[in-house]
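As structure tokens, the next two blocks hold two forms of the same chain, structure 1 and structure 2.
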Structure 1
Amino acid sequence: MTQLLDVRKMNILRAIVDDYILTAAPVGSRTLSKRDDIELSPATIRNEMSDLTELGFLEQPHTSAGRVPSEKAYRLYVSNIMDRARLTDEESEYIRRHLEQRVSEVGDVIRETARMLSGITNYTSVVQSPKMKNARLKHISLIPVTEGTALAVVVTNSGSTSSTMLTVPAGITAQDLDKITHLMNDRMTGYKITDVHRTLLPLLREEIGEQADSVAEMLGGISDDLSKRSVEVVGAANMLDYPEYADVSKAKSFLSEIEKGEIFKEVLPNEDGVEMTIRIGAENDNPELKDCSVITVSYSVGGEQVGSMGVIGPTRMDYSKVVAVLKCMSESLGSVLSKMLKGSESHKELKE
């Protein structure tokens, strides 16, 4: 990338963004010239600021106010300017240790992650539970509930359970369900949940004949259901701490959006391989977030991205800190989950 701005302009822009992130007040030339890292007179700075305004990096609320960074400025700041901080060892140690105290259930770990993320950053956090597509079958029970419906209770190798209501094809009896349950527990444990119904098909044909296909379809519903993932959102009320939301009607519309529960879409996993995404203001698809920035990071177990989490804050958020915290969280969560899920011993692959 070619140098968009000369070094001096960069420095001034950094100083303005840093200051604005801290104070939320328009930054003036005199304030800047007092800083140690800028050795220029106010007048010179004013000239530079005037240029930066023309280039679209700064905005002026009104003639006699200081300058405020534009979204373009944040973009540049985030990609080229800010120092990509790492947390101190104590901080990351603290995070990891807290997370490791919650090793009994995946849900607990996710919740604790969300809580810490919002607690440390003081913004709103969104954490998605890991996808279980690669989970392997450990135990299954098909339990008839009413005429035509059955409950499938699946335990995966990671110890997580899920239960799904299934519609039982006509003609399948409780005895059939029992037979299928035993068949699956005997022959299919260790297979990926998503593969089970296909792999099982030939065996089913032997056991229950012509209804095998409809039963396989029913079992497919289990892996569909398993792909539904929960999302923890914590710290929405934190936003009220920032002058951006001093106006109650703004606060209300933000909080209502959060309560709708579709915010997780903003945190949807990035394309494979992309670790971190920063979306600033209007870059967000959701118009309700046009004054917010959303930073998301994916987390991995065993080298594979299985989920993501994010932080939502005002565009004037502390990008550097949030990036650092998210990195650490992602690593910690990944490693804690790995430990939890490593109870998976027998892996049988589906030969396609």
Structure 2
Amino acid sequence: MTQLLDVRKMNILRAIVDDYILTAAPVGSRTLSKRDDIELSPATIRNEMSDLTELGFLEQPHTSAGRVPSEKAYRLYVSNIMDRARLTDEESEYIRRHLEQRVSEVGDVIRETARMLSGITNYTSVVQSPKMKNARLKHISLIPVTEGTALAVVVTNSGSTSSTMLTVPAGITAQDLDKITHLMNDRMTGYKITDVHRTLLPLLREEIGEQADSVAEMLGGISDDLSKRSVEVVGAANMLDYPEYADVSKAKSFLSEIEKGEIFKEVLPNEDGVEMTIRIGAENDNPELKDCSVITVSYSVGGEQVGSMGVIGPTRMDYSKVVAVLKCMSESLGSVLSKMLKGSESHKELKE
């Protein structure tokens, strides 16, 4: 696609995209001629804009003399033209220090990440909680609720807490649950949650005999619950600040899709190894995102990719800034979570 454009056309296209991102108004040749980085006459610029329109990079809304970028232009801009913004050291340090103030609980860090990401970009932010497959048991409480049910409250070494309702097998009394609780806190602390079921079974057989298998199956629900990953969403209403969503029915449709939550399964990448994605307009599968751009980035803990985060905004998005902010937030979140895990494990040799 780039071979179709010479340097002059590329410069004009970059200037149009930059200006349209700022103003949301069609860009005319006279406006561009006043820029120091163009230095061409309005007539020459009009000719170049006409060529760019024929090539599909610009569109002419209504009868306006100005042009607006097409999705094709945004794709070229993101891939080849835009200047790569960098946050200042002060901005990066502010993000890192702000997240470190939430080190008591993983959920707090994720929520604060989403809040900061939306606040800095003024778009809709989406942050996925980290995979819990490597989380280790720190403390568990089994609390009888009614006959046949109990509430399991699990705290992991990362500081995250999960509450799960369990079906208690017939014959297991409140005293048995208390015994199991003490057994797990005494013997299982430090084990990976995913290993608890396999390692716990022999211990349960020693304590409660033939009912061990039923109890182990009951406790398996805890691991299943911890494997579920939550998504924090902040700033959906920010989209209403942009003229692209001035239409009430369009805005309602977007907000309704956000509220349902299913959209985030499409927004956030499912496969590991995907570091950053930028999807523009029709590149998004969901029709409610056809006028949006979605940028996502993964984050890692201890060298392992454990989650992702993203920003949803209009196709007239400040791509350079969003990419820079997402990279910084990803590195900062990974660093904070890594420190949390390291701190919680340093006081004790983990059992394997």
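Reference numbering: structure 1, starting with residue 1. Quick caveat, the model's predicted, so the values are computed rather than measured. In this text, rigid core is short for the largest set of C-alphas that superpose within 1.5 Å between two forms.
The form predicted alone is structure 2, not structure 1. Core-superposed comparison between the two structures: CA of Arg96 displaced by less than 2 Å. Core-aligned CA deviation for Asp176 between the two structures: 2 Å or greater. Remark: with the core as the superposition reference, the CA shift of Val145 between the two structures reaches 2 Å or more. On core superposition, Arg187 has its C-alpha offset by 7.4 angstrom between the two structures.
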